[in-house]
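Quick heads-up: it's one chain on its own, the form predicted on its own, in structure tokens.
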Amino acid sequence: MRMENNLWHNILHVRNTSPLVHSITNYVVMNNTANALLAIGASPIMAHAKSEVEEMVNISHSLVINIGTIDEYWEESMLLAAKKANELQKPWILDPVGAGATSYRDSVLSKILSLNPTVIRGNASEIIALSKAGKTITKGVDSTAKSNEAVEAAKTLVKNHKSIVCISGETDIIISENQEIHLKNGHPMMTKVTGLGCTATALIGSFIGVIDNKTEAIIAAMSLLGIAGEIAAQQSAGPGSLQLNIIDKLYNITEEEFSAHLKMIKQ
């Protein structure tokens, strides 16, 4: 039960340390992810001006790069920030939103990926496209593949970039050099709320900023969001109230609730 106990301690550690998370993320989710970070006790800052991103990385615990609404200006900001994070040996996470959808998006991702993110989190189609492990079709930013179909692609990314990969889906799969963890929390209604994958990325960003064991940090963040969604869905009439109730549950979840709902399988 050691890891299970560590997960809750990791959640408390984030609450108590309030890590500053620098997010260069997309317009669609800025408010959602900032509120989710605040709810778990983290401190969000969204800054993408090229003149200040390096200074922001300097004062932050971690960096989140999400290419959802990428353009040429943001591309430069993301590369500057990621290079600075590497220089300062600060952890950062890449969310390859819409990987495989356009040649420009893939070109940007190739540059960012070459900087070897600490963590990569995406849906199955994005992970397959990012690894160039096979032909995949994206439906905008939605996945057309199941999580388990991206496992080999994820292992390729782990091997080539020394990153830890999190595949989001009905089952969340976390793959590192020596571990494969499956999480089976969450609720189908969560797919009707925009940007919950981006929220997962932001939460991971906060955890890796203050927790040494990065794999456990990712597992804690993903299980926290999945369980919060699972519990929140029980009292939600639809996606609108679910979004609000998830934020509330991230804020007030108890150890008893977390432990009772955790569905984790070590492969």
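Note that residue numbering begins at 1 and tracks the sequence as displayed. Only a predicted model underlies this, so the values are computations on that prediction, with no experimental measurement involved.
Beyond what is shown, the protein has a form predicted together with another copy of the chain; the following relates to that form.
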* Since the chain is shown here on its own, which stretch among 119-127, 177-185, 148-156, 70-78 would lie within 4.5 Å of another copy of the chain in the model of the complex, judged by heavy atoms? -> 70-78
* Flag Ala101 as yes or no: does it have a non-hydrogen atom within 4.5 angstroms of any non-hydrogen atom of another copy of the chain in the model of the complex? => yes
* Would Arg105 count as touching another copy of the chain in the model of the complex under a 4.5 Å heavy atom rule? -> yes
* To do: With heavy atoms only and a cut-off of 4.5 Å, decide whether Phe258 touches another copy of the chain in the model of the complex.
  => no
* Asked: Is there any non-hydrogen atom of Asn252 lying within 4.5 Å of another copy of the chain in the model of the complex?
  -> yes
* Quick one: name the residues from 187-226 with any non-hydrogen atom within 4.5 angstroms of another copy of the chain in the model of the complex. => Met189, Thr191, Lys192, Val193, Thr194
